[in-house]
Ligand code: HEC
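Coming up is one lone chain in structure tokens, specifically the form predicted on its own.
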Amino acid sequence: MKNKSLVIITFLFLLFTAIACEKILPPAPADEDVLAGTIPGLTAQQEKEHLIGDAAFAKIFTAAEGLGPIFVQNSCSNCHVGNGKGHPSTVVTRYAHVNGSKVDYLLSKGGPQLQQKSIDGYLAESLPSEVNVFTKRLAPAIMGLGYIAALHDQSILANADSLDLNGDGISGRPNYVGPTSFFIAQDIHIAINGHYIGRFGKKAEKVMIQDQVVFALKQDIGITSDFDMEDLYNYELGVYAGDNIADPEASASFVNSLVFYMRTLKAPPRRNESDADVMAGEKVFTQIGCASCHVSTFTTSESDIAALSNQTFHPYSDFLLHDMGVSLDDKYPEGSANSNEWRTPPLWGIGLAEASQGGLFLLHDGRATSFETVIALHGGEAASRRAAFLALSEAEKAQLIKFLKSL
């Protein structure tokens, strides 16, 4: 009888604890409220590979593993928290010496990026005296990149109109960049004089996700790989004064895991699509010409990942360069992109930016803290769209903003 009473008491205690915890702990967020997650249709093996890449993305490197010796952050996830846009506290600085049309990224002086942190006992980098141009860059959100990577170049070129032949005031053009040493052209790529269309990065300066991953490992974390064996070091300390860790510090399989992880992240989810104001805001978005650059819909080509093949997705970007005017001219050219030109940033996921960033920080450098400010800074080709927005009624503006928050 005593044992039976003890069992009942234990059961009641556990039941009370479970109920209490349910009241104290918040429920798990709905799928449409988070950026993390895989694209639908992956196999069990691919889900496993995604998790391996997820762990690699969250890995915190130490000095013993090759961190630095100069660096910006010690982990991918420190900049891309929750796979979302970065925070102003983690911006990176790119620099160069620009003399007319000549651009020197000062590679012999530690360029093109500043590493303002260092491992213990090592001197962090400072801007070389030759620098006369520098720009701040906020880490981009990384969701849905697999769909963009599976897009055929022809789908991007279909929206290009460098001479504005259709007379809509928009003259988007692709950024043709020289391939990396490890680039392998696929059927989706169209070469022009040995150059390929960039689709990743603020100025579309990267052709493939792998290009961005290899660059970020080295320039952000100071980690060499099989694809880039030359370590970072502070040029003020001599011709070579590295970290004395054998290179490569990350294997090809580690890099490939990161690439696979980023390729298989789900597209940012929509919310409140059937809301009357959201639907009205989408109509306003199209009517005032925003959709000329922020193209809503594309379809992928064939992919080695079946779940990415022939998929319709909605990035709200044309992946082309546009002249954005004086207010957004950072004086820093990249590839064939002029300093006043920027790739149309995909708008998907922007409605979750505030939650993932711990505040709303928009544009390439995070200076804008509201959608209204972003639109007000649109110039160049987008000046007419800005004027059209400013001419809207307050109700129409509110509907447009509500639409953006649904993305």
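These numbers come from a predicted model, not from an experiment. All residue numbers refer to positions in the sequence shown, first residue = 1.
Below: the form predicted in complex with this ligand, not depicted.
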Using a 4.5 Å heavy atom cut-off, are H50, L265 and A267 all in contact with this ligand in the predicted bound form? no
Please tell me whether any heavy atom belonging to L67 falls inside 4.5 Å of a heavy atom of this ligand, as the geometry stands in the predicted bound form. no
Is there a heavy atom of C79 lying 4.5 Å or less from a heavy atom of this ligand in the predicted bound form? yes
Do I39 and this ligand share at least one heavy atom pair within 4.5 Å in the predicted bound form? no
Close approach of E205 to this ligand in the predicted bound form, 4.5 Å, heavy atom: yes
So which stretch, 134 to 142, 270 to 278, 100 to 108, 184 to 192, is the one near this ligand in the predicted bound form (non-hydrogen atoms, 4.5 Å)? 134 to 142
Which of these residues, N234, Q212, T224, N159, gets a heavy atom within 4.5 Å of this ligand in the predicted bound form? Q212
Position in contact with this ligand when the complex is considered in the predicted bound form, options I119, A149, I305, M324, heavy atoms within 4.5 Å: M324
Which residues in 86 to 101 have a heavy atom within 4.5 Å of this ligand in the predicted bound form? T90, V92, R94
